[in-house]
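First, one chain by itself in structure tokens, the form predicted alone.
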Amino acid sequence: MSIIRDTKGILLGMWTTWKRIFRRPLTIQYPEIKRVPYPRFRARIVLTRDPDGGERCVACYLCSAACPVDCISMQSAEREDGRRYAPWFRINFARCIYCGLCAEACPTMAIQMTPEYEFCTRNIMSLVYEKEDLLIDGCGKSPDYNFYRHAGIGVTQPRGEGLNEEPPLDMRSLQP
């Protein structure tokens, strides 16, 4: 019985080959004719803004922790009103494998991936993008989402001045 199965497998493979052998090859002349990527195609990473115009990134480091090639780095800081932000944010696209794990890990939907795939260069240092290069004016794929409104986090007064809230502890006062 294995002879019949093997023969069937060989004939099926040969049929597939002969079926396609007389077709003209599908060649796309790339620089002149550009393919339109699929709607869910992931390529260039951008940082988006919330509907109010502020930055969505809260520098939680989840994107850099999720990145398998460690191409994302940032610094966290806090504004006067208590909200966190990233004073600098850097992605090395020379190392990025465009897996999309950073966009999946981002709780504020700040990191989104666009279908733009043409940003090749011979200078490898020009593939290191700073926050100013990544930040776009729009909201991206989620125009109505605002993290602070959605999560219920609205810092309206300094820390320690809320109802039944103790002031923050100064860690230096605990030192001997």
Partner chain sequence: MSYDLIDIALAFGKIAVIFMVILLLAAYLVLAERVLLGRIQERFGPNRVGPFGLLQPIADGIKMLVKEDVKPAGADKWLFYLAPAMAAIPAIMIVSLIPFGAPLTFFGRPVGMQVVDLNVGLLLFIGFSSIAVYGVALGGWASNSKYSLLGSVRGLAQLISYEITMGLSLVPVVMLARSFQLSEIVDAQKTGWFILYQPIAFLIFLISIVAECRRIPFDIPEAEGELVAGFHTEYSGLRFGLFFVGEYINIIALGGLAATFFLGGWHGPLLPPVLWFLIKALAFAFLFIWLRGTLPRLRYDQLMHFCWKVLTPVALLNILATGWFILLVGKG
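Since this is a predicted model, take the numbers as computed values, not measurements. The term rigid core refers to the maximal set of C-alpha atoms that superpose within 1.5 Å between the two forms. Positions refer to the first chain, counted from 1.
There is another form of this protein, the form predicted in complex with the partner chain, and it is not shown here; the text below is about that form.
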Check: Going by a heavy atom distance of 4.5 Å, is L26 a contact of the partner chain in the model of the complex?
Finding: yes
Note to self: With a cut-off of 4.5 Å between heavy atoms, is D137 one of the residues that contacts the partner chain in the model of the complex?
What the structure shows: no
Notebook entry, point to check: If you check in the model of the complex, is P167 within 4.5 Å of the partner chain, heavy atoms only?
Noted result: no
Notebook entry, point to check: Do L163 and the partner chain come within 4.5 Å of each other in the model of the complex, heavy atoms counted?
Noted result: no
Next item on the list: Give a yes or no on whether every one of G13, I21 and E32 sits within 4.5 angstroms of the partner chain in the model of the complex by heavy atom.
Entry: yes
Notebook entry, point to check: Has the Cα of L26 moved 2 Å or more between the shown form and the other one, judged after a core fit?
Noted result: yes
